[in-house]
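Here's a solo chain for you in C-alpha cells, the form predicted alone.
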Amino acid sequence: MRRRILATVTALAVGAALAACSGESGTPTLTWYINPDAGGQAAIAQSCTEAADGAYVIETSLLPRDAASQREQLARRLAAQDGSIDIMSLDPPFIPELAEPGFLAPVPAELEALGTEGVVQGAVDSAMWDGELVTIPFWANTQLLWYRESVAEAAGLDMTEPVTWDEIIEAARSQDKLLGVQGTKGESLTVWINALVASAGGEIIANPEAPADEVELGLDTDAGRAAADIIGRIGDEGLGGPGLPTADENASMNLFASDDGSFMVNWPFVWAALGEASPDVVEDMGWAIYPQVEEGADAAPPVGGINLGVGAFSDDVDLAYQAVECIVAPENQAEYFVTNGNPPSSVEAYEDPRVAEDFPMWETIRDSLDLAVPRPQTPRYNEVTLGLQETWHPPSAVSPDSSPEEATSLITAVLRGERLL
C-alpha cells in the first residue's frame, strides 16, 4: 500500500510539473473530474498525458465522496455552462439527468464502437440515454452472491448451480445464521430493490423517456410484489440481523465475517477487504452469480461503476474525447482493477494475467456484468430513488400488499408536482 501511495504522490507531482510546463508552452489542459479512489485515475491521467506527447495535459479534480454530492456539484456547474469541465467520471444513474438538457457533448460517431463493442452489456446499458450512447463505459461494478462454504454445505445447497432467494433464506434459517443485505435508507436500498424487481422480470419505470406527468411505474405488479415479499420476509424474520435498517455495504460485510455469517450480496471490494481483515473467513468464502427471484429465470445483478462524459461547454471537446479513448484502453482498465479493485467494462481487460491472479472470481464478475440491469435510466432518478427509500424502509415494514402501491402513489404524485419528498 505504501508503495502505491508513493507512486501516486510521485505521479501527481510529475503531473503538476508537466501541467505547469505545458501551461507555459500553450499545451491545452483538460480537467477530468474524478470520484475518490486509491489514486488510480490520477495515475491514468499521467499515463495518458505522456502518451499524448504534448497534444494535451490531463489534470484531475476531485469530486465529493458520495455520489449524490457529486451529482449536485456537476449538475449545478453544468447548468451554469461551466466550460472548465472537460471530462467527468459519472455514476450511471445520474447520466440521463445530465444528458437530457444537453450538458454532455455528443459521442463522436467514430468512437461509438469504443463504448459498445467488447464491453460488458450492463455497462453498455448504463451508458445510454433515449436510445443513444451518451457516455463511454470506464469501469463497471456488480454485486455477487458471497457465501460461507461451510454453511452452504451444511444446508445442502449445491452452489455450482444457480440458487434462489428462497433457498438462501431457508439455508440461513436452517443453520440459525444471518444474511448480509443492505437495508439502510440510502442508495444501496434502491440497488437491492431494482435487482429484485428486474430479476422477477419487471422494471421500476415502464417508460423512462416519458414526460414527468406521464411516467408509469412498474412497482405495483407481480414483479414488484415479489421483490417486496423477499425484503419484507428478511426484515420481519430478523434474518438481516438487528442492524439491518442501517446496514450499508460495509456493515453487511462485517456481519458476513462474524460467526453468524452465511450469505451476502455485495460488491467485489469485500474480497480484498476481508483478505486483509479476516483471512480465516476468506478461506471459507465462495462466490456465485446474484440469487434468482424465480427458479430458472436469470438473475439481474446490480451494476454500478463509472462512465466518462465530456462536458458540452468544454473548449476542447475533440481533445477530451481523444483523452477518453486513452483512459478506457483495456490495459488501463486492467491496471486500474489490480491496483484499485474496480472491475473493467472491457472484456479484453479481463484477459490480463494479473486479473486472474488477484481476483480468482473474475469470470463470475464478467458474467455477472453481462446479466446486470441498471437502475432506472431517467432524468428524474433522484425523485424515484428517494421515493423508494421513503416507502420501502425499514425492511421489516415492507409488505407486498402495501409497499409497491405506496411507492407508486408517492413517486407519481412527486413527479406530477402534487407532493414533496
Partner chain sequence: MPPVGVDRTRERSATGRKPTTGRVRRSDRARDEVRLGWMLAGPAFVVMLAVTLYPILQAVFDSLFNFRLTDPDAREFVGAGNYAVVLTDAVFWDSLWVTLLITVVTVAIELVLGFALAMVMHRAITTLRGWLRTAILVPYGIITVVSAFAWFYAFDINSGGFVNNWFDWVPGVDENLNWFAAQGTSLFVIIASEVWKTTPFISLLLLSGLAQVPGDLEEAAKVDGATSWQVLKRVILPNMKAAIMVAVLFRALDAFRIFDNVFIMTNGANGTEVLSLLAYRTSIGRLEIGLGSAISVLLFLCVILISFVAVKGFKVDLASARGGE
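The model shown is predicted, which means the values in this text are computed figures rather than measured ones. Residue numbers count along the first chain shown, from 1.
Same protein, other form: the form predicted together with the partner chain, not shown, and the subject of what follows.
- A single residue from the set Ala200, Ile327, Ala334, Ala247 has any heavy atom within 4.5 angstroms of the partner chain in the predicted bound form; that residue is Ala247.
- Here the chain stands alone, but in the predicted bound form its contact with the partner chain, taken as any heavy atom within 4.5 Å, falls in 100-108 among 155-163, 116-124, 100-108, 135-143.
- In the predicted bound form, the partner chain lies farther than 4.5 Å from every heavy atom of Gly40.
- Contact annotation: Arg148 falls outside 4.5 Å of the partner chain in the predicted bound form, judged by heavy atom distances.
- Although the partner is absent here, Leu62 is not a contact residue: none of its heavy atoms lies within 4.5 angstroms of the partner chain in the predicted bound form.
- Within this chain, Pro211 is remote from the site of the partner chain in the predicted bound form, having no heavy atom within 4.5 Å.
- Residues Val414, Gly417, Glu418, Arg419, Leu420, Leu421 of 395-421 are found to place at least one heavy atom within 4.5 Å of the partner chain in the predicted bound form.
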